[in-house]
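We've got the same protein chain twice here, in two forms, each standing alone as structure tokens: structure 1 and structure 2.
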Structure 1
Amino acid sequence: MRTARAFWRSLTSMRTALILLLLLAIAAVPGSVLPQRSVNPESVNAYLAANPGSGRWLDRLWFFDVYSSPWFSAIYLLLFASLLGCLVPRLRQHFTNLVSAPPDAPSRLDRLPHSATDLTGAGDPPATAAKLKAGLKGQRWRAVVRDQTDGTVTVSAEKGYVKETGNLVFHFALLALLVGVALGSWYGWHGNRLVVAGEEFCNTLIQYDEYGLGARTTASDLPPFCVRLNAFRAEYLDNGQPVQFTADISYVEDPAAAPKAWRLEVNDPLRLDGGNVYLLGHGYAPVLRYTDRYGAAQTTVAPFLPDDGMLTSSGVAKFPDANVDPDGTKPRDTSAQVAFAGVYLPTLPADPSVGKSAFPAERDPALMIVAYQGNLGLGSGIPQSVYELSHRQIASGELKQVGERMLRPGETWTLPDGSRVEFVGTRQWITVSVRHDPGEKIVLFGAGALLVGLMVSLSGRRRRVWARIAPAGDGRSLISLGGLARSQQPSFADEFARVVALAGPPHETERPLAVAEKGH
């Protein structure tokens, strides 16, 4: 029992809380340096493949799942327990101080850092004490009057508990931040998706390009809703600087419900029950129609990714089912697959050799493409990017370049084997982020309370004053005052002088008034 008490006393000390807070910050560093499995499992697999030795040990030590690891959770819970055990007794003591009366006056007021003696009150001690108490309350002091056994009356007053109040608010706000972050880490989730105009996606993991689930969240916890992109509009200044992005979308939260319209903007997300949809970015998706040597036509919409602020975009359109014998009499020839890698310019510059768009809007669009034919390597089992061709296939010669051309919308290019590709036009696409964080409001409240508590704590000053009032005859009183500040406060001397002025003038037999200010 004694050991448990010593451990708890050590755990709930402020020094331990600061050490745990430092350890938590250090423990979070690997989560920002190394790829995390909950955010990007592909990057984790790539790291393990590139570093099989160290990667295996890092994986065993949870360095790719830092925020759900036992050691990070242990530090987090110990910090939470330390703060809670430290703050609850302080809160109880602070409440006791707020409701209890200020302590009685010490016997020797002249020994306090600030003192004034031999003041005269116009009235007997009880009346003078009542007048002084009223004046102190007018200056927002908490004051209490006590009758002493020797016939004197004392007045005790204090102010500045707002400093401790701010201190407690600051630390409880830090505790709220820990709770909010923990809730978000356990029960939050997010998913990112690129959506082309005219397409729809539903809130399932397989339809996200990238997603992350909280430690206590599963795929079945995601709320059912679907979102469709109907149109996208962008406004720019003459120098190409964006002004406004607007996406017209429709959504359903129930499969049996009718779609609802919403105008999605950068700072105006779609807020649904269980998830919010945010607009992140946009770009162009060229539409290519390829007709192979057998006359079979295929159309693909290939999103190109922006390379600069003028939306010069690069990407690739793949046709793995091209040049397949429609009669089925010939075996499938994977070496006859076709792909087009290109750069899309929304506004063609005066010098096309620059290779960069002159403006982000489609004023004079052009598509520069390079045709490749051969084996795309899609059946090799090795993952490929949908935005670029396999460099391994090109380097090995299995995928060969057969020509290049610049096309305007509606133009057709005939390849050497007689097949044709037509640049039909473009569609706009947007990237959206769907997020749910149950601790978001708690973190927001905690951050605001933390700032308020810090400012109040820094501005508050704890101080006390006392008065001892004795009868002086002729219906008058003799007053002695003392003051004490909990910290070095140059302004307290002026405040104590105002309290002295409330008490009354110097006693007639004393010249001059004895007012002392001593060092601590």
Structure 2
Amino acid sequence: MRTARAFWRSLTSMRTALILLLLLAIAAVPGSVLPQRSVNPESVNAYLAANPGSGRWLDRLWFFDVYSSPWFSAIYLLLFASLLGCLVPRLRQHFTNLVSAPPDAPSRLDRLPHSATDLTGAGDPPATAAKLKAGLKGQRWRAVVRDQTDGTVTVSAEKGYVKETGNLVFHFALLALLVGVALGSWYGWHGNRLVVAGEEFCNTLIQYDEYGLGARTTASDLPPFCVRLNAFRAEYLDNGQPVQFTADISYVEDPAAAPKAWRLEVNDPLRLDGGNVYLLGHGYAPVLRYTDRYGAAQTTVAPFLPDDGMLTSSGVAKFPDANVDPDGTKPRDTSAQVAFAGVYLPTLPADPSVGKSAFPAERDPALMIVAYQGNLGLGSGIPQSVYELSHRQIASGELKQVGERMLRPGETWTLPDGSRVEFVGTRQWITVSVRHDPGEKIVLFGAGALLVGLMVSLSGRRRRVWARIAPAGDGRSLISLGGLARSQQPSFADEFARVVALAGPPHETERPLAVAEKGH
């Protein structure tokens, strides 16, 4: 019990909070050095493949999931426990301070950092005190008058509670942020996918290329809206720098309703009830029409991924069902499958051997493709990327290169076996992210409160003044004043001077006026 209490006391000390803050800052660093799964899982896999030894250990220690790792969580949870343990007593104390009267004057006012003695009040002590109190109230001090047993009257005044209020608001806002973030991670979800112009997708998990569901969310929580990409436009400067991306989309929130149109732009998402749609990226999807040995034609729209800012794009078009004997009598021959791996250049450079696009828009488009025939290896059970051919199949010789060619839109290339491929043209695609985060509003509110609390706390200043008023014998009274400012503040001297002026003129005696400032 004793140790538990001691532990709690040291956990809730400002010193511990400081150490935990420091640890939090340090613990955040590895996440910027190593790739993170939550941000870019592909780079994590690439890192693991390149550094199998150290990578495995780093992975075991959560270095690729820093911000959800037990050690990172432990630090901030301890910090917030410390915060809570620190805030609750402070809140109680602050509340007590707010409702109770400012403390009584210390016995020796001239020992305070700021003091003034031998000032004259026009009336007797009670009248002078009342006048001083009224004046202090006018300057927004909280003041209280007390009659002392020795016949003197004291006035205690305090100002600047707002500093502590701001400080408490700031620290509680930190807790609000934590709550908001937690709610978002429990009840939020997201899905990402690529949409080719003319295509539609609906908000269900199977329609996403990649998705994440919060811990307390199920697939049925996704609202049933559908989005169609009608057209995508991009504007570029002459040097290829993009200036504007616009996706014309239409959407339905209610399956029974008519579609509505929307211009989706970067920085301007489509905000629907229960989910928002964001435009993230774009590119080209070459359209290839393959007519096989038996004369059967198939068309594929193959999204190619951009390799550079000029949208040199690479990808593959696979035709796994090509060259199947239409009679269907022979067993299916997977060794006659066809695929084209290629690089698409929206603008062919002056020197085509460069192999890179000269401009991101389609000024002089060309598709360089390599034709492969053989077994694509799709049935092997090993998942394949839709943007690449299987390196295993090529290495093992099951998939063979049969030629390469550069095609312009509309051009056809006849392969050695007599089949033909036509480069029909391209369609644009975009990548969208669909997201929902119910904790966002709390986080935003928390951030606002945090900022306001911080500014109030850092600019506010707590200070107290006291007056001791004694009868001077001639119907007037003698006033001593003292002032105390928490944390050093040069401007308090001016303020104290105003209080001194409020109290009254110096007593008319031969004694020199004693106004002092100490402790600096």
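By rigid core we mean the largest C-alpha set that fits within 1.5 Å across both forms. Quick caveat: nothing in here was measured; it's all calculated off a predicted structure. Structure 1 provides the reference sequence; residues are numbered from 1 along it.
Trainee: Quick check: structure 1 or structure 2 for the form predicted on its own?
Mentor: Structure 1, which is the form predicted on its own, differs in this respect from structure 2.
Trainee: Return yes or no for F245: a CA shift of at least 2 Å between structures 1 and 2, with the rigid core superposed?
Mentor: After core superposition, the C-alpha of F245 moves less than 2 Å between structures 1 and 2.
Trainee: Would A101 count as moving between structures 1 and 2, using a Cα shift of 2 angstroms or more after superposing the core as the test?
Mentor: Moves: yes, 2 Å or greater.
Trainee: Tell me, please, whether between structures 1 and 2 the C-alpha of Y290 is shifted by 2 Å or more, with the rigid core used for superposition.
Mentor: Shift at Y290: below 2 Å after core fit.
Trainee: How many angstrom apart are the two C-alpha positions of P471 between structures 1 and 2, if you fit on the rigid core?
Mentor: Value for P471 between structures 1 and 2: 3.2 Å of C-alpha shift.
Trainee: In Å, how large is the C-alpha displacement of S10 between structures 1 and 2 after the rigid core is aligned?
Mentor: Between its two positions, the C-alpha of S10 lies 6.6 Å apart after core fitting.
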